[in-house]
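Encoded as structure tokens, the following chain is the form predicted on its own, with no partner shown.
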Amino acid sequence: MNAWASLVSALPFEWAQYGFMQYALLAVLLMAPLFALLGCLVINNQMAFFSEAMGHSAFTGLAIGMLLGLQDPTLAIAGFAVLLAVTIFAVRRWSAVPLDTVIALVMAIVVALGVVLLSRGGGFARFSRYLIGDILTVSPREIVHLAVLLGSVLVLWAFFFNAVFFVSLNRSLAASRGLPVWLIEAVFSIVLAVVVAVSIPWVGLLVINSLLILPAAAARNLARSTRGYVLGAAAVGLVSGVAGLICSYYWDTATGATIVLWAGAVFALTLVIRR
């Protein structure tokens, strides 16, 4: 961390002299490829609504963590998100209810439950950071956790990307080739739930799904291959992440939302280029 701080502080910019900006920049550089890897598969599997539900489930996970007296509710948030993901896919597999209906029903219930629990005694305002996020508060310890999470996803990506991508293209054909379709979808859903839940305190549940989807959607507009799709999503995430972080410093705005606006601008540009 000291070497990183020295490297960034050598840049001739005012923002680069502050420790919180140095750590936030490193977090952005780790989150961009992480979100790109998952975002591409989220779009291919048409799971944008599912990832939105995982973000909103953070309220209930946070409430459970508070009730348990945890100093850091991240574990409770991630655990509840995993439980919710397994529940959604279990209902999808063993019922005739459409997936989008299941997600909508579950999300409505968990959000209401989380709001009710957190609003007891009128103390809801102190949890607003989970709504908008604050990547400027990321600590060196949390950056290490983020790096471990990225490394874990890269390992899973190396072993399961082809299978997950195949399933996203044609579930019936994948099943006919002997692939355990439900297991693959469940594993991917759990990984997605954990990443979304862990990132909530830094990004905010109101914008995390946009940050997950927009870079991948922008890359898909221009990609000519799967490799170009993934690398393009990572590039868009890096550019919009760094630009949004720096702009939020000078504009005094919420960092997560500013990054999303930059990603949205890049997406709009790719639409023009595509035409």
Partner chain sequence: MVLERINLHMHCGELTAVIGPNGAGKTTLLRALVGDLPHTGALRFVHRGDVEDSRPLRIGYVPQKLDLDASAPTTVLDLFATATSRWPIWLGARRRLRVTADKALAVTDAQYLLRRKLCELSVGQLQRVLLALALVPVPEILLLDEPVAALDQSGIERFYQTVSRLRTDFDLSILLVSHDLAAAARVADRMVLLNRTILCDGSPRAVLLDPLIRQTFGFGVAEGDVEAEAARNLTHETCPLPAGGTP
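Note that the structure is predicted; figures quoted are calculated from it, not measured. Positions refer to the first chain, counted from 1.
This next part talks about the form predicted together with its partner chain, which is not shown.
Heavy atom within 4.5 Å of its partner chain in the predicted bound form - residue from 169, 148, 116, 109: Comparing distances to its partner chain in the predicted bound form, the residue within 4.5 Å is 169.
Looking at 101, 87, 139, 162, which is the one with a non-hydrogen atom within 4.5 Å of its partner chain in the predicted bound form? Checking each option against its partner chain in the predicted bound form, the one that comes within 4.5 Å is 162.
Counting only non-hydrogen atoms, which stretch in 75 to 83, 173 to 181, 200 to 208, 101 to 109 is within 4.5 Å of its partner chain in the predicted bound form? Going by heavy atoms within 4.5 Å, the stretch is 173 to 181.
With a 4.5 Å heavy atom cut-off, would you call residue 158 a contact of its partner chain in the predicted bound form? Residue 158 belongs to the contact set for its partner chain.
Does residue 34 reach its partner chain in the predicted bound form if we count a contact as any heavy atom within 4.5 Å? Close contact is absent here: in the predicted bound form, residue 34 is far from its partner chain, nothing within 4.5 Å, heavy atoms only.
Might residue 28 be said to contact its partner chain in the predicted bound form, defining contact as any heavy atom within 4.5 Å? So residue 28 does not count as contacting its partner chain.
Considering only heavy atoms, tell me if residue 230 and its partner chain come within 4.5 Å of each other in the predicted bound form. Residue 230: contacts its partner chain in the predicted bound form.
Under the 4.5 Å heavy atom criterion, name the residues of 197 to 213 that approach its partner chain in the predicted bound form, in sequence order. Nothing in the stretch sits within 4.5 Å of the partner.
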